[in-house]
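One chain comes next, on its own, written as structure tokens: the form predicted on its own.
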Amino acid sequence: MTDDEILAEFRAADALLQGHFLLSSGRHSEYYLQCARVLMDTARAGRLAAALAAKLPRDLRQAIDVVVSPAMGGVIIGHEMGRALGKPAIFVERPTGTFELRRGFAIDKGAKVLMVEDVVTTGLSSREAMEAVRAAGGEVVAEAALVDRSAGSVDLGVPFFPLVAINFPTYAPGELPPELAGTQAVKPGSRSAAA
């Protein structure tokens, strides 16, 4: 899929939002890609996951033992990536603020793990999820994501394969442009309703 085809999938799902958004990274943006909306159509989710899986080098695809994603945002695309790769898909979650395996999930010692996210901005969530995988005995060999909104600056410590890179400007709270500073920020992600 081309970048234009990928963005067309987001537009068709009314998942490319414009307003004032507080991202889970703590930064503000005028644009937000609501991956949950684009993934609610199972056929679309399958197409996007197949396109993302195709971006991975063949030797990497063959080396993967399990796909792991952080809850909530990564769960659907992680599951679909597991399907596209023919690998088990599990997730880590934060019941007390720190990612951990629950629900009977386990990772075999030395298992090669592909971390899968919906959107990567600063990479903090990904790095925290990777630490949980390592603590469980797994080896994260790469990360894949639907969207890289870091402008290519994120360093996850492993090879990173985004489906599309978006360069929407983001702002620290004290750096808001006037058009955002005068409006209430909405936090559309999984951690809070408004800011």
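On a predicted model such as this, the values are computed, not experimentally measured, just so you know. Numbering starts at 1 and runs along the sequence shown.
Another form, the form predicted together with a small molecule, is not on view; read the next lines as being about it.
Participant: Though only this chain appears here, would residue 45 touch the small molecule in the predicted bound form if you measure heavy atom gaps against 4.5 Å?
Facilitator: Looking in the predicted bound form, residue contacts with the small molecule do not include residue 45, since no heavy atom lies within 4.5 Å.
Participant: Whether residue 90 contacts the small molecule in the predicted bound form should be assessed with a 4.5 Å heavy atom distance threshold; does it?
Facilitator: Close contact is absent here: in the predicted bound form, residue 90 is far from the small molecule, nothing within 4.5 Å, heavy atoms only.
Participant: Residue-level contact is defined here as any heavy atom of the residue lying within 4.5 Å of the small molecule in the predicted bound form; does residue 33 satisfy this criterion?
Facilitator: Yes, residue 33 is a contact residue.
Participant: Would you check, heavy atoms only and a 4.5 Å threshold, whether residue 76 touches the small molecule in the predicted bound form?
Facilitator: Looking in the predicted bound form, residue contacts with the small molecule do not include residue 76, since no heavy atom lies within 4.5 Å.
Participant: Where, among 55-63, 23-31, 37-45, 132-140, do residues come within 4.5 Å of the small molecule in the predicted bound form by heavy atom distance?
Facilitator: In short, 23-31.
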